[in-house]
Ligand SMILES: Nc1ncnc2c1ncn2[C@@H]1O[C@H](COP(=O)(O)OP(=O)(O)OP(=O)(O)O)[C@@H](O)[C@H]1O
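Here you get one chain, nothing else, as C-alpha cells; it is the form predicted alone.
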C-alpha cells in the first residue's frame, strides 16, 4: 500500500508544486494521476522515491514513512520512468542481473533472468543484445522486468507509455494488469486520458499541485473523462448544440 498525507512541496519558498496531497493506493490497485505538464505529477513521484524531500507532510509505503526511513522504504519501491535509464553497452540479461543484485537479489540464475525477460515480451534473441540497439518499447519492457525482479510492494511509473506506438502501449498496460493481479500497488502518472481510462481502478486529476477530483472505476466508465479533464485543467465547458431547428414555412 502507498499513501500520501498532506504531502507538500514548495520550491524557492514561493513556487507551490504539490499542495497537501492526500491519496492512497491499495494493494492490487492501479491508481493513475492525470495532469498537464507542470501539474506536480513528477514532483509527487520524486517525493515518493525520496529523490526530493517534501516541504511538509509525508508519504508511506506499507507502514514505512518514506522521508524518515528512505533506505528501508526503497526496498519496497520499484520505479519505471518515461525514459528508462539502463546501461547501454550491457545486454538485456546483464542489465537485469545488475539491477536485481542492486535491489538485494544476490544470486539469480540465467534461467530466472530469461524467464522474466520472456514474461515481459522481449524476444529471446534480444536477451543477449546490447540495450543501445533497443527501441523505446523494448527498453520499457526491460524496465518492467527490473521492477518484477525486485518484487517490490509498490511500482511507480512516470509517463511510461509516452512515445510508445499503439501495440507497445497496449502490451505495456497488459504487463501492469499482471502486476496488479499479483497484488502490487501501482501508481502511474500520465496525460494520456485514453490509456488512463483503460487501465485505472481510480484516477486523480491534479491541477497546479492540487488534487481537484478523484474518480472510482465506476465513475471513470460513466463520466466523459475528456470533458471532465478539460473542465478542471483548462476551465473548458462543452458547448451546447447550437443547431437551430428549421420550421417549414
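As the structure is a prediction and not an experimental result, all values here were calculated from the model. Numbering follows the first chain given and starts at 1.
Same protein, other form: the form predicted together with the ligand, not shown, and the subject of what follows.
By the criterion of a heavy atom within 4.5 Å, residue 159 is counted among the residues contacting the ligand in the predicted bound form. Although the partner is absent here, residue 221 sits far enough away that none of its heavy atoms falls within 4.5 Å of the ligand in the predicted bound form.
Within 4.5 Å of any heavy atom of the ligand in the predicted bound form lies no heavy atom of residue 213. Within this chain, residue 228 is remote from the site of the ligand in the predicted bound form, having no heavy atom within 4.5 Å. When you look in the predicted bound form, the only residue of 50, 42, 55, 58 with a non-hydrogen atom within 4.5 Å of the ligand is 42.
Residues placing heavy atoms within 4.5 Å of the ligand in the predicted bound form fall in a single listed stretch, namely 33-41, out of 33-41, 176-184, 194-202, 64-72.
Applying a 4.5 Å heavy atom cutoff to the ligand in the predicted bound form picks out no residue from 45-59.
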